[in-house]
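Given next, in C-alpha cells, is a single chain: the form predicted alone.
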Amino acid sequence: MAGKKEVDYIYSPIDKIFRLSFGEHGDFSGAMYDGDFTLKLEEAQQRKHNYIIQQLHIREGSKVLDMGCGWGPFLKQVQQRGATGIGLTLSEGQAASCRKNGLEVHVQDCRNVTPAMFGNFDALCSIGAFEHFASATDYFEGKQDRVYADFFEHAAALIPKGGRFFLQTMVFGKNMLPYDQISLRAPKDSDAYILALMIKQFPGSWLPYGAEQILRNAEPHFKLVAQSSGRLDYIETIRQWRKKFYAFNIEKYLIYLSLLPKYLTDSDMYYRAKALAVSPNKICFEREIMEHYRLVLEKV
C-alpha cells in the first residue's frame, strides 16, 4: 500500500497550493456531472455529496466515518446536516488543515480501523482512498485480493447489519497493459509511457482490476446496492482542476517557485512535475486504460 511516507509525498506538499486553488474544503476526487457538463465543478461536487448522503441514509444524529477524507469536503457536508463525522488520512498536511477548520480528523491507516479506536458507525464512505490501498508489490506477490478482503472485513465490523458503505475509486480498465510493458523509455505518447508517469505520480499505489475485483472481495460482508461509472465525469473534473491549479494567485505561484529546486534535483519529483503537466490520469481515462466507479454497498 501507499504508506504514510508515500501519501505525504503525494498530498502534503500541495496542501497550501490546493487550498489557494479550491478553498479550505476543496474536493480532490471525481465530481458527479451525470452527463450535464454545463455544471460548474462545485455544483457537480455538491451533486456527488448529496448522492452519497442520500444513499447512506445520513440524517441528524448519524455517525459517519470518512476513510481517506482529504481536506474534509464531505465531512463538512455531514457536519452541516447535524451528523457526526470522523475523518482518516495519512497526510499530515490534510489532517492539520481539517483540524484547523473544526473537523475531527486522525492520521490513521484506513485499512485496519477497529471499533475500539473510534467506536461504531452508522455509515462509511471512502472517496478516492481505495486507490492507495494496494501496491504493485502486493500485486506481484499475489496479495492484492488479501489486502482488499482484510479491509472489507475490518470495515464490516464498524457498522451494523444493513449499514451502508459508499466507495468511489479508480480501477484499471479494459485497455490496461501488462506491467512489463510500462516504461519511461517508451514513446512519449504511448500508453506504456503514460502509465509509467502515473506510477511516478502516485508512488506505492496499484489500482484494482475493475469493479469485479472489489466486489469479489467485499462479497462475504457486503452486497452491491448501486454501481455507476464516473469515467467521463472524472475527465471533466480533471479539466476543471487544471484551470484552477493554474489560475494566477501570487502566493500560490511563489510556492510553485519555491518547489522548483526540488523538482530540478530530485528525479522522482521531476517526473511528478511532468505528470502534472501531462495529466496521465486524464489520458488513461480517455483511452479506457482506467475506469472509475461509484459503488454503494450494504452490510449483509
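Here the structure is a predicted model, which means the values were calculated and not measured. Residues carry their position along the shown sequence, with the first being 1.
Not on display, but discussed next: the form predicted together with a small molecule.
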Problem - the small molecule in the predicted complex: contacting segment from 222 to 230, 182 to 190, 68 to 76, 159 to 167, heavy atom within 4.5 Å - result: 68 to 76
Exercise for the section: Would you please decide whether residue 28 lies within 4.5 angstroms of the small molecule in the predicted complex, comparing each non-hydrogen atom pair? Expected result: yes
Practice task
Examine residue 91 and determine whether its closest non-hydrogen atom to the small molecule in the predicted complex is within 4.5 angstroms.
Solution key: yes
Practice task
Considering only heavy atoms, tell me if residue 152 and the small molecule come within 4.5 Å of each other in the predicted complex.
Solution key: no
Handout entry: Proximity of residue 173 to the small molecule in the predicted complex, heavy atoms at 4.5 Å
Key = no
Problem - the small molecule: the contacting residue among 83, 129, 124, 197 in the predicted complex [heavy atom, 4.5 Å] - result: 129
